[in-house]
Each structure stands twice: as C-alpha cells, then as structure tokens.
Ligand SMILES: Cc1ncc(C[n+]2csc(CCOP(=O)(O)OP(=O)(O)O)c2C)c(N)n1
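One chain is shown next in structure tokens, namely the form predicted on its own.
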C-alpha cells in the first residue's frame, strides 16, 4: 500500500472536526487533494509538523489534532517527540507514513530502514506507539488507523508503505491563505 492510499482510507474515518497538520511535500499534497476541509499544509518547513501539531493540541485541548508526516520530516524534527512524551497531550494523534525516502526532493534514502521506531518512541515515554507494514492485512490496517484516531490519549502509528510515484499538483494557495483558511474554522 502507498501513502496516498493510507490518506484515502483516513477520509472514511475522520469526521471533519479534526485539526490536521501535514508535513510538507507529497504528504501535504495528498492531504490537500484527498481529505476535505481547510487544514495546515506545511510548505518549506521540514521537520516541524510534530512541533506545530503539539502547539495546536495544547491550544485546542477539546479538538483532536492529527499530524500526518513522512519519515524524513519526522526524523528531521525528532527532538519534538521528547516534548510530546513529556506533555502527553491526550488529543494528539501522529501518523508516520514511512517510505524510507525523501520523496519530494529527489528520492534520496532516509535512515528509516535502520531505525526501530517503536523502541525509540517508547523509550521517550510514549507507550501507545504501534508499527505496521502496509503489506499486512488491509482490514487490520483500517482498524489500526481507526484506533489511532478514536482511542483516547496520545497515539502514534508508524506505517511502512511503498514508494508513491504519483505526483500531485502543488497546493494552489500561498501559505498566508492556508493559515487564513485554517483560522476561519475558529471564528
């Protein structure tokens, strides 16, 4: 299964009230094209989706905040996970879509193939981390996505996916417009 298919599956689980932060590059493009609603589509901010998601979760404690990030983005901002583990925001959900590539910048390998994500994340103090290979049973994958989003508490799901070769159009909005659209959800 590819990352875009994971994001498509999310469209059947999400209720539209979640606040989504998606990492720059292919992940944001996929979220923009495949999920409904104005969200935070990061552009030019490599490594920041977890930090921004954490801030949003703390500012909006009654809303579910979903961070959808690629492995390269997640690894670049890894230090934010120590703060997430310390604060333990119960409304924060993190999905790591891991294709072992910096896909948007030319397909360079990340170091993801050598990392045990669950041991690393649990070592920081987040006991609710899970990992699945997307070649596993599709029904089980759907259940894991649902559990990650709907179960109470801080949840992290690491998904190994196949490389996406689909190139989607860039998000046609300036970052200021993305922010304004997102902020209009609070007026």
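Numbering follows the first chain given and starts at 1. Note that this is a predicted model, so its numbers are computed, not measured.
Absent from the display: the form predicted together with this ligand. The rest refers to it.
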item	value
Contact label in the model of the complex: residue 91 to this ligand, heavy atom within 4.5 Å	no
4.5 Å heavy atom contact, residue 113 and this ligand in the model of the complex	no
Partner contact for residue 103 in the model of the complex: this ligand, 4.5 angstroms, heavy atom	yes
4.5 Å heavy atom contact, residue 85 and this ligand in the model of the complex	no
Interface residue in the model of the complex among 124, 35, 118, 46, criterion: non-hydrogen atom within 4.5 angstroms of this ligand	46
Residues in 170-184 with any heavy atom within 4.5 Å of this ligand in the model of the complex	none
